[in-house]
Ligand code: EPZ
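Listed next as structure tokens is one chain, alone, in the form predicted on its own.
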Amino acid sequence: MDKFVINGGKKLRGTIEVKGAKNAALKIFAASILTPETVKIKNVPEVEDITRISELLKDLGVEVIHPKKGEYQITAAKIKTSVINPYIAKKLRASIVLTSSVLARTGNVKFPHPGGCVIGERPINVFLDGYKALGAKINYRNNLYNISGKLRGAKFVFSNISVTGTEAMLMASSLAKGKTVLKNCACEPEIESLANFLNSCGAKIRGAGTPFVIIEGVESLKGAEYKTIPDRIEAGTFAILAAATKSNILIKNCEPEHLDSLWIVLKSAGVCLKISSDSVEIIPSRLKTVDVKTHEYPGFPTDLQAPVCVLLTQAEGQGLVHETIFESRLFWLDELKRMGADVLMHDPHRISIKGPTKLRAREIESPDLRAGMAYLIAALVAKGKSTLNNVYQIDRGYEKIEERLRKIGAEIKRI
């Protein structure tokens, strides 16, 4: 597997552009099979997860054309099978949202328990309960879920806020007969983006981006064009990277409105920011510690918890980080402690970080996408040569990250 070799401890400078949101594009790929007509998708990040979902679609018999970088054309005129390839699906958590569109389009879907990052228990009960509410029948045999039935509109209340669960129910309900009412929905920008795309295809969705969504089912959807929204997690990661390395970096092509909770945290930590309509400039600042609590949108994103922990190692004082979304998402900190971080774990959900500390260069391994990126930030902070293994995990969500970081002065190479 590829690895990164990083010579850290240097300040960076320059401009870095944000790519399209992986988590938005993945759902549009899944939703594209709700229509037999062609869907054109632009501003798609060239990352491993997009490659994986393209493979899943092709395996279903869907035509996926990649005419140029960042653009895809998807035509699901026919779907040859309703079985989602188990080998690929186990590598990609987002494969679960394909179940809704395949079920809505064909009346049947078979799939394995999805894979992805190992960051805690990620049950699929919310999907199964939602499909049941729409009238589907479910059984499980030979390590595959088998769901079938003609979907009808219904009222469904999410027992826990779920981003992918909300997205799946938007897709399934779009072709269900009658009206569907969803309550306690997730409110992430990616959900509103998905609803906007579906509405451009002829769906009738109201309230997306709020906890209360109404969908009037339609008989069919048409093709459409879609431009992927900027990746708010990537933009936030770059902002934290700049602050942690005390670098002057301009982050362009982003949507700052999607990251208000991060800007509050960074300002509280003493970071100097210049925010415009589509860019953010981070100016080197003296850091002071701050407490951080992850929460569903519009709260502080769980996907930025790992990078902000690295930031706190460089801030003066002791800060508390409370992870409320995933129960195993703080275990990555063991390696950061070996790099010199002063971390105290109170329980699986809460840790304290005391700073500032000098991080030591060392060999580390990416356990998952976001922790892998946090290690990369830590390696850029630490003086000396670090080796970061299993960078496939980072490639899943960040397009050619080493090339983009080199343009702002980072000493990083892929071997």
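We number the residues from 1 along the sequence you see. All of these numbers come straight from a predicted model, not from anything done at the bench.
Although not depicted, the form predicted in complex with the named molecule is the subject of the following passage.
Novice: So which of 320 to 328, 195 to 203, 143 to 151, 262 to 270 is the stretch with heavy atoms within 4.5 Å of the named molecule in the model of the complex?
Specialist: Careful reading of the contacts points to 320 to 328.
Novice: Of the residues K227, K288, K222, R93, which one places a heavy atom within 4.5 Å of the named molecule in the model of the complex?
Specialist: Residue within 4.5 Å of the partner: R93.
Novice: Among T245, T75, S162, T294, which has any heavy atom within 4.5 Å of the named molecule in the model of the complex?
Specialist: The option sitting close enough to the partner is S162.
Novice: Please tell me whether the candidate spot formed by I124, T302 and L369 is one where all three residues come within 4.5 Å of the named molecule in the model of the complex (heavy atoms).
Specialist: Judged in the model of the complex, I124, T302 and L369 all sit within 4.5 Å of the named molecule.
Novice: Taking heavy atoms and a 4.5 Å cut-off, does K19 contact the named molecule in the model of the complex?
Specialist: The answer is no: K19 has no heavy atom within 4.5 Å of the named molecule.
Novice: Quick one: does E188 come within 4.5 Å of the named molecule in the model of the complex, counting heavy atoms only?
Specialist: Yes, contact at 4.5 Å.
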